Structure formats: structure tokens, C-alpha cells
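Taking the form predicted on its own, here's one chain by itself in C-alpha cells.
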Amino acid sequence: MGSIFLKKGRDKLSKNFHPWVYSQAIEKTENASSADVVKVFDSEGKFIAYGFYNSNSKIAIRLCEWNENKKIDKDWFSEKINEALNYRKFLNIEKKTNCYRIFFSEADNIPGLVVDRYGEYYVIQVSVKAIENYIDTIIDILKKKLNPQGIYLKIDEDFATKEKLKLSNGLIYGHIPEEIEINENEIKYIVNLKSGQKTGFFIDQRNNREKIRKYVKNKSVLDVFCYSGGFSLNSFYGGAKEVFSLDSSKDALFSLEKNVKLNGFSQPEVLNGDAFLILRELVKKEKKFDVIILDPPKLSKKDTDKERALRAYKDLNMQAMKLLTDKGILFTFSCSGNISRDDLKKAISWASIDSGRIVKIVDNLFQSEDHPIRLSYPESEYLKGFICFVE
């Protein structure tokens, strides 16, 4: 096992259980190979933690275990996965859904590993090079603990490039049907694990989708970036008088149509195209809505994107505010990891000034509890949202 020593003054976060070590913080390496487990020491030679090393990545080490007496082997992986499963069992998520996250990467103490459940089928996402060496171990553990009918592997292209991953998308155990029916808070969805966004569905919005129901009764609703219709369907369930669903993807809107039929709801008014352009067109037409949901994709993937992304968040929220009726309600989100809750609040504030509307934040929105937020790793809070009353 190789050893890595950190520069003096660059080890505080690591000692406080933050899992990321950037390449600039490394003083020297000894017998350390990429994709291996390494021992990490401070500048005085005191042990800090074990970690997964990748010399090709900006985040050179992903720390995973601060107890020097532990060994990173099959038993260690089994222990961490078991802890995560026990936490989900405690949450009793299955009373609401058969679709949830059972393992959440660094927040559950195995960097680069995500596992989502879709009924009796599971999806693994790998985003750290070293996890490739343990993928067979992980599959074996999941088979023994969960008895899945099928496991599908999905690789994010951005992470594959950054980490130089060799794994690719594909079935790695059992079988996976083309479409799987899941249930969530009394609504049914059809998901495709092979072609859907993320691992197949936006599991992290489960609680927020349910929360919208109390705000939409007899209201007109505009669901922007609707994807397969999570917020649209929950709006119908909550008694909305009309729903407009906007997305640039025809495939997503086709999935929305299937999900609407599956649940026996009325078809929404579908808007297909660029949300930024369509919102402006609706403003010109002086269209008004009582409730608007803004759930855009990740607009900032790296730090150099941040300023541009903040302008985009501001623009989306400004156009939405112009479209809202007096005392209208805005659900607004960011899933960009490097956009903080305060950043999003600032963008909303700019939007309120430029739209000439008074905005009150009445609730904070988060990712669902199967995506825990680890305080020593603030980056685990990637989904931020607010419910706003707009006057």
C-alpha cells in the first residue's frame, strides 16, 4: 500500500473528516499508484486516513476511513453497505415508495459509489477510478444482501473523462426489463433504467413532489423542465385545475404522457422547447399561472461555470415571477453542487428586483432523506430549493 504526505497547513479539512484531497495539497507520494488504496499522512508523518488515489484527477484522493486499524477489503465494503441499508430501514421509506437511494457515495462513506433501488432492480453508478477494482466485490455484497433480479451499471460521462474510468454502461447481473413500473406516494411511474436521466428517475425530489400537492388545489400550474412529469402528476393529484408541462426533450414528454395515462389523470398542456425562450414567449403573451415549478438540470458543472449559471438562475426566476399571478407561488431549485443555498437565494433576490415583485421565502427544500447531507462534507447538499410567495 502506498503512502501520501500532505503539505503543512493543507490537512485540516482531512483531519475533520472531509473526504476530498486536491492534488495541490500533496507534498510527496511513496509507492502510490492510481486506482489504489493509499495511507494519507500529515506533514509530520501522523496518520490521517485511508483513501482512494487517482493521480489523473483534480481531486487526487477520496478519503474513506479514518480508523488506522481498519482494512479496506470485502468486509469493510460489506460493513459500510450494511450501515447504509440499516439507515434506510430506519427511515421506513418503503411505506412511501419502492424506489430510493440505498447508497450515497461520500455521504455513506464509500466515495464514488451510488446505488439506487427500482423495485427489485438496482442501478450502480461509479464515479471514482478505484471503485472499478472493487466492482465485483460490491456486486457480490448486493446480491447477498438484496437478492436483486437485476443490476445495471451506469457511468456518468463527465466522471468517466475526469477519472479515466474503463467501465461502461451495461447489465452486470440478472436481467433488466426495458420499462419498470415504480410507485411513489400513491403515484405510479414508468422508468427506463438504461436511457433515463441520472439512474432512471429523479429520486431526490420525492418529498418535494409530494409537498407541492397542498399548494395547487384549483390552481393553474406551470411545470418547467418537467422531465417525465413528477411535479405535473403531483399537481394533478393535488387538484390543480390545469397543468402546463414544459421540456425540451420529446422523449421526456412522451414518458410524461405514458405516466399521465398510467395514473388516469387528464393530459397536461405540453410545451416542447427551450425553457428560456418559451418563458419569454409566455411573458409576451401575458400568460399567467398561479404556481410555477423551476427544476432545471445542473447549470454549473465546474467553478468556471458558476457566474454564467447564476445569471441563468436569475433569468429563469425573473421570467417566472413575471408569469405569476398576484400572490403566486414559486417552487425553485438548483441541483448544481457548486451553487450554494445562499447563491441561489441571491439569484432569486436579483430576479425579484428586476421583475418588480416582492418575494417571500416560506420554506426551504432539500434532497430526500435517503440522500443524507454529511456536515463534514457540505458538497453532499447538492439539491437546494425554496418555496416563494410572490406579490
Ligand code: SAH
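The first residue of the shown sequence is 1; numbering continues from there. These figures come from a predicted structure and were not determined experimentally.
As for the form predicted together with the named molecule, it is not shown, yet the points below apply to it.
Taking the partner from the other structure, the named molecule in the predicted bound form has a heavy atom within 4.5 Å of a heavy atom of residue 274. Contact between residue 268 and the named molecule in the predicted bound form is not found at the 4.5 Å heavy atom cutoff. Interface membership of residue 295, defined by any non-hydrogen atom within 4.5 Å of the named molecule in the predicted bound form, is confirmed. Among heavy atoms of residue 101, none comes within 4.5 Å of the named molecule in the predicted bound form. Across the proposed site, 197, 205 and 246 without exception bring a heavy atom within 4.5 Å of the named molecule in the predicted bound form. Of the candidate stretches 225-233, 166-174, 80-88, 126-134, only 225-233 has residues whose heavy atoms lie within 4.5 Å of the named molecule in the predicted bound form.
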